[in-house]
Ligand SMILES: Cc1cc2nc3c(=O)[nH]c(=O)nc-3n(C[C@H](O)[C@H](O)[C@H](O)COP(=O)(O)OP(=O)(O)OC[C@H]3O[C@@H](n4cnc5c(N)ncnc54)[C@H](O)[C@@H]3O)c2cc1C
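As structure tokens, one chain now follows by itself in the form predicted alone.
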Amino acid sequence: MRSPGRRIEDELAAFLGREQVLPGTAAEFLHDATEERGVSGWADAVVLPRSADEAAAALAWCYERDVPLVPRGGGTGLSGGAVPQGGVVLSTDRLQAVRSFVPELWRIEVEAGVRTADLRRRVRENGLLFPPDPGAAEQSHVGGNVATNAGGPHAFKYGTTGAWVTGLEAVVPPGDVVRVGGTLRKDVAGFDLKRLLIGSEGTLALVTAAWLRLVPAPESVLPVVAFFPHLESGCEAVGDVVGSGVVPAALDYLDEGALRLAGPSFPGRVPEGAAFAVLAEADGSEAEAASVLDDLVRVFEGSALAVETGFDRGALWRWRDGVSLAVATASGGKVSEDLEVPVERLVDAVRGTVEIGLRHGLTGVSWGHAGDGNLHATFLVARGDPSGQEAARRACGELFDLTRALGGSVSGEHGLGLLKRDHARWSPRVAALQRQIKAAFDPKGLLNPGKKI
């Protein structure tokens, strides 16, 4: 007797064509970046459509037969949002067309499978900038960035992905291709469905293409790193920058633990006694960037051990991108959560991460986007250590409680997905509205079930 999974695979292949369907055992489609935490799934089949119409046909097939469908981009998510719990995985790998690009009007339309780094390179070659810069840019897809409203270091000045989306093409149940927004910069003729889909994590629709706005690339970009003797002075400096009216392009931080682990590869000198580092960047015309840099240095010099400029920008951000790996390497693994607090409570969240870790016998460290109050609170756990994973799970529960007590959110940019769906706390009425929105788009509850809500 054939298994249900094999039957679904065969029937889908007969309907869509064998070249579009892979077995559900294709391992690369069964996990995302949470694999290091032991999170993986299972599927009955994997579909790789080449167009929005083929994606719609796959969704219609699934909807008619009550088969769950899990949209998947580059698989770089950190909340388990693309991990299937059965059903069909629909990958955007083959949706890679640039449908239109009008540099003189600062806009581009791309399909969901275009990689973030490829998009940024393409527009940069034409003197333009697509500012959102989430991690894993060489692997992440535009569609996945839209689905999670991904951020990154430069969201401080430029905003998250959603701020740059003017329109979307998406497939909605039971299998219709719809377009909301487009090339217009203003449109209040109806409810803002585009904004509903942005950040919906594939639970309302499958994004197949996006219209994006662009801006001219800055003439000059000048990084600066400041090192502080303790957490309090570093966080105070961050608050001083925010309150001063100076607008750096990025305002990131590393706490003492993260700096200790990542510091050896820093492309400069880490002064003795440094317990907090702030990475900032000034951009604009040459005069604007120089002025902002001077203002940042002036703010930092009041309490910093050292303020360093003149970095090779590429080397500095490659180092910053490698902080997560450096931290994980220290113990063979980590459990990291994406939290958001008011910027004036950053010091409490950073300190709390360390204290909560100690209570559970774990080393707690953090780094992240200081200007946004967005921290990647992390506990070091050896990979494959079940007792350590369980301790980290309990510690994360305390972290979420602390975050809410500080007036924050359990997710600033990674989404709720599978791992944090039960940790969002809404009032009963807001929770009911969330469920009603889900039901309006997906009455059978087959799109990415078990995620977000």
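Computed from a predicted structure; not experimentally measured. Start at 1 and count along the sequence shown; that's the residue number.
Same protein, other form: the form predicted in complex with this ligand, not shown, and the subject of what follows.
- In the predicted complex, no heavy atom of Leu406 sits within 4.5 Å of this ligand.
- This ligand is not shown here, and in the predicted complex it never comes within 4.5 Å of any heavy atom of Gly234.
- In the predicted complex, Val39 stays away from this ligand, with no heavy atom inside 4.5 Å.
- Although the partner is absent here, Val67 sits far enough away that none of its heavy atoms falls within 4.5 Å of this ligand in the predicted complex.
- Among Pro248, Gly87, Pro223, Gly152, the residue placing a heavy atom within 4.5 Å of this ligand in the predicted complex is Gly152.
- Residue in contact with this ligand in the predicted complex (any heavy atom within 4.5 Å), chosen from Gly167, Gly263, Pro131, Gly75: Gly75.
- Checking 299 to 307, 277 to 285, 357 to 365, 139 to 147 against this ligand in the predicted complex, the stretch whose residues place heavy atoms within 4.5 Å of it is 139 to 147.
- Looking at this ligand in the predicted complex, residues Leu254, Ser336 and Cys396 place no heavy atom within 4.5 Å of it.
- Scanning 186 to 215 for heavy atoms within 4.5 Å of this ligand in the predicted complex gives Glu201, Gly202, Ala205, Leu206, Val207 in sequence order.
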